[in-house]
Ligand code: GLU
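One chain comes next, on its own, written out as structure tokens in the form predicted on its own.
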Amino acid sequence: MIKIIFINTLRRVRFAPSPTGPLHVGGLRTALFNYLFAKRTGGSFILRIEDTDKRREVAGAEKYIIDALNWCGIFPDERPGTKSAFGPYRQSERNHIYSEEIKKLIDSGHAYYAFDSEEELASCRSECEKRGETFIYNFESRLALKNSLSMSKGEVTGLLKEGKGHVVRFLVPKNKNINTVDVIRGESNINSGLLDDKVLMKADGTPTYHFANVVDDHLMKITHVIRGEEWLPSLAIHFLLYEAFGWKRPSFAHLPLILNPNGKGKLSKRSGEKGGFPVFPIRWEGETKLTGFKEYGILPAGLVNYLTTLGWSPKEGSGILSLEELTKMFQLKSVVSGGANFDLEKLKWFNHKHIQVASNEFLVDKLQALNDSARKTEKKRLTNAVGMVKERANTVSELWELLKYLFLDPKEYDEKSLKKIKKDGLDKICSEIISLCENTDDPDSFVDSLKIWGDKNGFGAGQIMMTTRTILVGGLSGIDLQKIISFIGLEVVSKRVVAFSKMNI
């Protein structure tokens, strides 16, 4: 037992986004699965910011990523600002580390300097295209190009001393069969002849994704790399890099894509705009304002619960689950390799279920944060109203639409509902409602009293109920009519009927 606990505490995973914009829901799902795995195994969840590409970095993106994770209840054990032997956690602050590690690869013969200009490489590509071939910088072409493999040691030393622009490339071995293993997808292999000598260090002295990623994962003692399947083509190069360094590889797991609702292509912002739903957790306040699921009215618990079903499902019959419950059940080996279609209606269903189990006070806080009218409404009465309507709501935003008639007089009336109540005797029913409001002290028996009057005067209960509901609500929707009357009070009932009677409808 002691041995098992000791092993589990060594499990370390990381979520490593680039701060190039708001966190997409696909990235959120990746972070979530890393978090669930870490907590399930008693390990650590690390947030690392991969910000080496300063040209694409967007102001505010790092804060957004952290805020979005926090909103979902995904709190990293280590992150930028954490004092730890594994830090710093921003790649832009780790350049001294990359400089040391790249030198090791060069000295061991696994990497080399390349002095080719962009124009020279473009010319090589053009010549290959003319022959119907694809240019690859590898064992077949490297000796004919400008690099430390094709030049003498003196030439290379001279160029470096004069500050000649260069990159550092990885020396991919010739015709090596590379066997890769993925927790989700199993084993595969590829011949190294299909790979190019990847740039590890750019001309400006900053590392590329491939190099920094492997170095950081090793030095931060990452045991499992759980990332999106878009990085699957990089797996062979990463295997070779670990081998070149002589380092033990972590386990790799590449998560399936989240697809557009129609199943065609990766879920995109454009498909969200077309379908009328967001693809980001919370509002993005960048140059382009983007609404998030939070503002749409989705609870973090609902979003998290739904996202776990995109690639993994808890055991059948588990029902609606909290983050803590999902953590106890999560199994990385049970994640599937096939992409999952994003389904807004299914997300709403999960959200509806979480709204049902949430406290009224919690829902009021969320509603008032989203809706100006709700914010101006007295909190205690709003809390009672939410309790009466929440079983009908799929989103927090819908709560106000479902209860606003309890606080606001109707400004217009549903045409179909009006047609149903425009019958002989409408004026008499209105007069009786007003009279009853003035002559009864018991609002809780109002509907029964109105029905008794209707029976005596030839009006069916259906007509009585439809008429009263339409006048008070603006249509034939809403909660139990007696509950409406008891909540708004007889004075408001009378006022609404008088206003309706004056409208000449």
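We number the residues from 1 along the sequence you see. Keep in mind it's a predicted model, so treat the numbers as computed, not measured.
Form predicted in complex with glutamic acid (GLU): not shown, discussed below.
Glutamic acid (GLU) in the predicted bound form is approached by W231, whose closest heavy atom lies within 4.5 angstroms of it.
Heavy atoms of R227 reach within 4.5 Å of glutamic acid (GLU) in the predicted bound form, making it an interface residue. When contacts are judged by a 4.5 Å heavy atom cut-off, N351 does not count as touching glutamic acid (GLU) in the predicted bound form. When glutamic acid (GLU) is considered in the predicted bound form, I488 lies well away from it, no heavy atom lying within 4.5 Å. Heavy atoms within 4.5 Å of glutamic acid (GLU) in the predicted bound form belong, among the stretches 81-89, 127-135, 205-213, 369-377, to residues of 205-213. For the candidate spot formed by R14, P17 and E50, every residue has a non-hydrogen atom within 4.5 angstroms of glutamic acid (GLU) in the predicted bound form.
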